[in-house]
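Only one chain is given next, in structure tokens, and it is the form predicted alone.
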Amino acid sequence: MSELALERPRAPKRAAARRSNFELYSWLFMRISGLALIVLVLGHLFIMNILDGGVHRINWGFVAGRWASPFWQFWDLSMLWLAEIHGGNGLRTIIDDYARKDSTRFWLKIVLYVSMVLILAVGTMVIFTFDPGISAN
């Protein structure tokens, strides 16, 4: 009875690919940022829509008074950055899963990253440069 022997593979050996933990950290970020966003968004909705008369009190003066406080600037900035990066990371995953061609995947990600940077830049600029002295008229 002869034993079955496997021949040596003809394909040349490739060097082991260096693996990064990017996807692991990305997955972990989605969980942590999701929990933080639940607190930030529900707090935002409660304060803006329920407390002290609800949406009827929201106007230029309300926003000016709110953003005069560093606490509220940080709150809104955290919500902006976490929501944008959380959503962008989710869209990046969807692009990786469903874009069939490498070129399509590349250009969709470029559009995604450029739009994320622009939205984060404009949103951050608005929060930090908001001037309550400007007339609403």
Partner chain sequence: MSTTASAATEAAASDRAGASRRQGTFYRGDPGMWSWVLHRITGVLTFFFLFVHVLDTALVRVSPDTYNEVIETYKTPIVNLLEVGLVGAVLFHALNGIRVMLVDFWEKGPKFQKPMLWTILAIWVVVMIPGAFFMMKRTVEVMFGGH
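If you superpose the two forms and keep the largest set of C-alpha atoms that fall within 1.5 Å, you have the rigid core. Source: prediction; values computed, not measured. Residue numbers count along the first chain shown, from 1.
The following text describes the form predicted in complex with its partner chain, which does not appear among the structures shown.
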query: I47, I58, A68, I110 - the one with a heavy atom within 4.5 Å of its partner chain in the predicted complex; finding: I58
query: 4.5 Å heavy atom contact, V122 to its partner chain in the predicted complex; finding: yes
query: Contact label in the predicted complex: T104 to its partner chain, heavy atom within 4.5 Å; finding: no
query: Its partner chain contact in the predicted complex: T129, any heavy atom under 4.5 Å; finding: yes
query: Touches its partner chain in the predicted complex: W27 (any heavy atom, 4.5 Å); finding: yes
query: Sequence-ordered residues of 61-91 touching its partner chain in the predicted complex, heavy atom within 4.5 Å; finding: V63, W67, L80, A83, E84, H86, G87, G88, L91
query: Did W60 shift 2 Å or more between this form and the one not shown, C-alpha, core superposed; finding: yes
